[in-house]
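In structure tokens, the next block holds one chain alone, the form predicted on its own.
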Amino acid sequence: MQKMIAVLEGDGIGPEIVKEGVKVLNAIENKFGHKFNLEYCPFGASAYFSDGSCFPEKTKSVCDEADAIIKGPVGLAVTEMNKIPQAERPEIAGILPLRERYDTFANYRPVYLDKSYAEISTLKEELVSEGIDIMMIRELVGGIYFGKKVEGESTGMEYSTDECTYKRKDVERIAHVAFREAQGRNKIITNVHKSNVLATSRFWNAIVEEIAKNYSDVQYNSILVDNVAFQLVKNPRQFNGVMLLENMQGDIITDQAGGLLGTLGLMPSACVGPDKGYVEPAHGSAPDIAGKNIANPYSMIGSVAFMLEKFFDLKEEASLIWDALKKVLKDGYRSSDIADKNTPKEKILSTADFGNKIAEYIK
């Protein structure tokens, strides 16, 4: 297989962890005889300073031609970010336009903790001793993030508005994605909402429940988002299977799930559209540790596995990466964010060593 991939390294630790993702991709390339042509492009806060835009036109052109996109986290230190006008910052002028451009409506975020290394979790041992295996499916291009906005400055600081809108087609297509994912797992799905308050959630629920009738083999559950925040901490294993979430609620709950694992460094993600998409780690750019070779590249490497699986249908290759990631942790190796006082020094891996270890297992 030959594919062209746009690589957006991003900011902070982005270039470091993207390098390890590419290292693992090269190992797959060599093992299976594929050819992945990589085109590196500026994106994020650093791109604003170098090119005058967080999402430069030349980057858009490359992404348009690419078969898939690898994206690192974006954002610089506060002092640097304050030099960028609010409307030109990477979240507003980079990430949201990237999602909208390729209609990446389906966001996959696995919350996976194997029982063999469950001790890295922040929760009590009895809650995670059998591991956690949740796939969170978040709608990514609708809702309040993409609604009409009225800034307080334009109203004399008297009021501000964020409009939240969902259309039937938006809910239908993400629901089908989630139910199909559940069919391939343990056939359990949990729909998360705020229908006791929000009209959009009642609308969301009505459509999801219509779709559920087409998947009689899937056990359907429904829960309020505030309750799910509580229940995830109390007993995360009750949600093993698939969780379906709208955009803003999903943004918050998926990050909370990173807390169950002890770090967002173990949360890769894929943002999938009808024709193409991008993969990225679920965490931020951590500018405070950039350049120190201590960032955890697991999320980026797992995101590369997602790219192979979801965009190129290379399931064997993707499985090999997932298995290697599990094996590294099962063998007792840790990145600095999940190491503790009992971790032997020789088992604490730098960013580069972590990538090397995964590549070795693949070879």
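A quick note: this is a predicted structure, and the numbers were derived from the prediction, not measured. Each residue number is its position in the shown sequence, starting from 1.
Unshown form predicted in complex with a small molecule; subsequent notes refer to it.
Just to confirm, with a 4.5 Å cut-off on non-hydrogen atoms, which of E181, D103, D162, E91 contacts the small molecule in the predicted complex?
The residue in contact is E91.
Among Y112, Y215, Y220, Y145, which has at least one heavy atom within 4.5 Å of the small molecule in the predicted complex?
If I apply the 4.5 Å criterion carefully, the residue I get is Y145.
Is there a non-hydrogen atom of E246 within 4.5 angstroms of a non-hydrogen atom of the small molecule in the predicted complex?
E246 lies outside the contact set for the small molecule.
Decide whether R99 counts as a contact residue for the small molecule in the predicted complex under a heavy atom distance cut-off of 4.5 Å.
Although the small molecule is absent here, R99 would touch it in the predicted complex, with heavy atoms inside 4.5 Å.
Decide whether I95 counts as a contact residue for the small molecule in the predicted complex under a heavy atom distance cut-off of 4.5 Å.
I95: contacts the small molecule in the predicted complex.
E172 within 4.5 Å of the small molecule in the predicted complex, heavy atoms
No, E172 sits far enough from the small molecule in the predicted complex that none of its heavy atoms falls within 4.5 Å.
In the predicted complex, segment of 230-238, 189-197, 78-86, 137-145 with a heavy atom within 4.5 Å of the small molecule
Stretch 137-145 is the one.
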